[in-house]
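A single chain, nothing else alongside it, follows as structure tokens in the form predicted on its own.
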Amino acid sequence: MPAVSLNPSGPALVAEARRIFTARFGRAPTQLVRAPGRVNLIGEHLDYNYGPVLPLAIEPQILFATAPNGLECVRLWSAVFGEGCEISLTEPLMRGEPGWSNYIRGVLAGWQRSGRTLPGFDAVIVSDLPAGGGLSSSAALEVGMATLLEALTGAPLIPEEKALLCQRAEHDFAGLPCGFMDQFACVFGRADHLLLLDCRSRETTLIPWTADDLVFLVIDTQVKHDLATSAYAERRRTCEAAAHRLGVTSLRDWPEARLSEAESLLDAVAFRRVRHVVTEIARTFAAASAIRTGAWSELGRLMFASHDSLRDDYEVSCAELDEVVRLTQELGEAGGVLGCRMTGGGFGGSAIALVRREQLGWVWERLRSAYMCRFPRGVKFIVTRAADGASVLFSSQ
């Protein structure tokens, strides 16, 4: 079994970013910036319903090595995709190719729209954060670029402003009507804390993680089904229409005690969507309370219940994610797993499991071998602690 370690690639990733930048642009970078991925422990599909969410920034990250170029353009090279592009700053910023560059183009456009100076620069992007794994690599790319611009210009953004600028970039340039949870987690994350984010008030509360004997195991199924983007938008529309039908501004305002009343007012599909949202809100607040009081078994139970709801009521899971959760349920607490659920938008991507540190090797090997019996593609594992949000690692300016 491969060694199970926390943040094994951080220093190597920094060295790689410096090396590639120097090789491509013939000089050393003047800034190094990092932005983490995120997992959501519980509270899925609640951000656009104005509910609470409970994410954490994770140790896998995207790194930018950059330096001003004195030109009226941005020159990018992605070591992740093995390709680059050049973005003119003398013309209106528009969508373009390659596709990943649109997350960056959107941030550049938002920065320009805010009236701030947008200098020409070169940048190399390296990462140990899986793309398409449901770990918010897109938000990390956006928040990392915004942090890079802060470092280059010496003009910091208010943290909430930065997160919302990045969310708008994803709306306008990537075409995904996402909530702002991912960007807030990438901005506000703190080491060894979870972030309780109220998506109506935008209030953020850091909750200390005190269980040193428990680790977060991210299980990447390495699949992404075609339904992901279209189904996400469809569920958002369904929730908005259901809220209108129920006479509330958002489903956040519909109490769990009135679910039976909602059933009589909605069609069967819309009611299932509402039931997930309303019960997931209750589970998220209960999970935050469980973490504060150290009720780890209760937290695990809530995670399993969340997955059941996402699978049956919101219908955003898939066979691969369901198999991961089923296997962890079979292991149970005696086998080292307290809870597990899909994380992210669904239809593939990753699950998040709460695992006892001393039994991690056993859990890792058991899940790997049992999962491959049904899905030969296999899974990838990331063991992580809660990490800090985006930051500047180095700046010579």
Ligand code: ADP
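One-based numbering along the sequence shown. Everything numeric here is computed off the predicted structure, so don't read it as measured data.
Not pictured, yet referred to below: the form predicted in complex with the ligand.
A single residue from the set 132, 120, 84, 179 has any heavy atom within 4.5 angstroms of the ligand in the predicted bound form; that residue is 132.
Distance criterion of 4.5 Å from any heavy atom to the ligand in the predicted bound form singles out 125 from the list 327, 251, 125, 302.
Screening 152-160, 261-269, 136-144, 208-216 for residues having heavy atoms within 4.5 Å of the ligand in the predicted bound form returns a single hit, 136-144.
Using a 4.5 angstroms heavy atom cutoff to the ligand in the predicted bound form, none of 230, 320 and 347 count as contacting. Contact check for residue 78: a heavy atom falls within 4.5 Å of the ligand in the predicted bound form. In the predicted bound form, the ligand lies farther than 4.5 Å from every heavy atom of residue 57. By the criterion of a heavy atom within 4.5 Å, residue 188 is excluded from the residues contacting the ligand in the predicted bound form. Contact check for residue 173: no non-hydrogen atom falls within 4.5 Å of the ligand in the predicted bound form.
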